[in-house]
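The form predicted alone is given below as one chain in structure tokens.
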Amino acid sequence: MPARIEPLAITAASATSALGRGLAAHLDALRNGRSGLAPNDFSSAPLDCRIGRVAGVEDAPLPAPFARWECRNNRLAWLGLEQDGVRAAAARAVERYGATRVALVLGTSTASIGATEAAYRRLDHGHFPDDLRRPEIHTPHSLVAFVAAATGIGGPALTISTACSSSAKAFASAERLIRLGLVDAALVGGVDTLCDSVLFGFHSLALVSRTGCRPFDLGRDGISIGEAAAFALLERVDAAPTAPRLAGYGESSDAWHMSTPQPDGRGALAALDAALARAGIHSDAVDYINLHGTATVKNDEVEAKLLPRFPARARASATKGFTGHTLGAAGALEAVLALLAIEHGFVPPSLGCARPMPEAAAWLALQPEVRRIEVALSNSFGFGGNNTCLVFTRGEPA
């Protein structure tokens, strides 16, 4: 098991998803059981399903200085940076530590591939049309390059693409950069937008629910795809002793199958054990678990095998019934939701779960619950068995 690490303070955070823009909108939706899923009105051809679409992205072009990065994914990133003072917090970190002492680590699974799809649909004698002939948007690093320019961050800039665990792994990579003394702060997060590649790709695997995802429900029949931008700023604890903390993380890879998790959950359990070890806590100390909860048959079945590790008093929920599965942004978005749970003493419900799986029922919160949360866990178990668990704790009293 890895050694315990020094926790990091989370000095700013934001979320933008189908639930709205900013933390207040997300908290309100979670408390009132309001889903952001709606009938699919996005794909280039009809596809009968529900999606979690962010309203207003089409009406929010990038500011002129960033025009060469113009695309849907980077528009959503800009909207996310403008929420809850995150871009201003990043600017203060750059001013405090110096641009090269602040890292940028973001997760995405499709980056700006939607723009590349559009370019191929409009080929002009075999060439991309003039308005989309911009290399900056046809690369997996487009998101990070844009956010670095938008924030002035000049330190290490990493793009992580490990499917659904991408932006959860961003927290782990940032912790290592800070612990090794390479930087003093890191802006982490994830952004993914809807595009045909994911909508029809997951549909071709028979993994998309027509009626809306139902995590951990006996009748679950697949995912609902969403889009989101979520960010968090990590600094050493002495910068903000009262702020919530990243206390631990664990990572593993099943190496079992290209799309199916290891049936006995051994890889997920390895990530959980490593996260608890780095946090220096026992599973009995966990108050709330934000489950990955894709609502696919196998993923929920495997994740449920972890729940007996936690005490009967612990509460768990899967929030994809609210937002949809936001792919590479899911890890960061659900980490931010776990932080909201700590800050507001609130357990979100597992929206869409009416008949809980018997093996998970004892821990699942089916209705909103008010309770003090000192330790929260966020699971991200990605496509093909790439697993990450994050442990968050309350900061010191003021």
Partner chain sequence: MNTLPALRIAGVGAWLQGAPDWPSLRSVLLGERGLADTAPVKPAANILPAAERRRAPDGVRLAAEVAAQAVAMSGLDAATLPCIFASTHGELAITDYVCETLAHAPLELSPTKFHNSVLNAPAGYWTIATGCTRASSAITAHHRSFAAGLLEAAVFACAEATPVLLACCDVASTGPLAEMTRTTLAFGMALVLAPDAAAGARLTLALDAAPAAAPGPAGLALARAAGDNPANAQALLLLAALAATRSTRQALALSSGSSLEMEITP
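Just so you know, these numbers come straight off a predicted model, no measurement behind them. Numbering follows the first chain given and starts at 1.
This next part talks about the form predicted together with its partner chain, which is not shown.
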Requested in this report: Flag this candidate site as yes only if 197, 249 and 386 all have a heavy atom within 4.5 Å of its partner chain in the predicted complex; otherwise mark no.
Outcome: yes
Query raised in the report: Do residue 138 and its partner chain come within 4.5 Å of each other in the predicted complex, heavy atoms counted?
Result: yes
Query raised in the report: Might residue 263 be said to contact its partner chain in the predicted complex, defining contact as any heavy atom within 4.5 Å?
Result: no
**Report entry** 4.5 Å heavy atom contact, residue 117 to its partner chain in the predicted complex
**Finding:** yes
**Report entry** Contact of residue 91 with its partner chain in the predicted complex (heavy atom, 4.5 Å)
**Finding:** no
Query raised in the report: Of these, 279-287, 314-322, 226-234, 199-207, which stretch puts a heavy atom within 4.5 angstroms of its partner chain in the predicted complex?
Result: 199-207
Report task. Just give me the single entry in 134, 305, 87, 72 that has a non-hydrogen atom within 4.5 angstroms of its partner chain in the predicted complex. Result -> 134
Report summary line: its partner chain in the predicted complex has a heavy atom of only one listed residue within 4.5 Å, and of 62, 47, 365, 57 that residue is 47
**Report entry** Residues from 159-182 in contact with its partner chain (non-hydrogen atom within 4.5 Å) in the predicted complex
**Finding:** 159, 160, 161, 162, 163, 169, 173, 176, 177, 179, 180, 181, 182
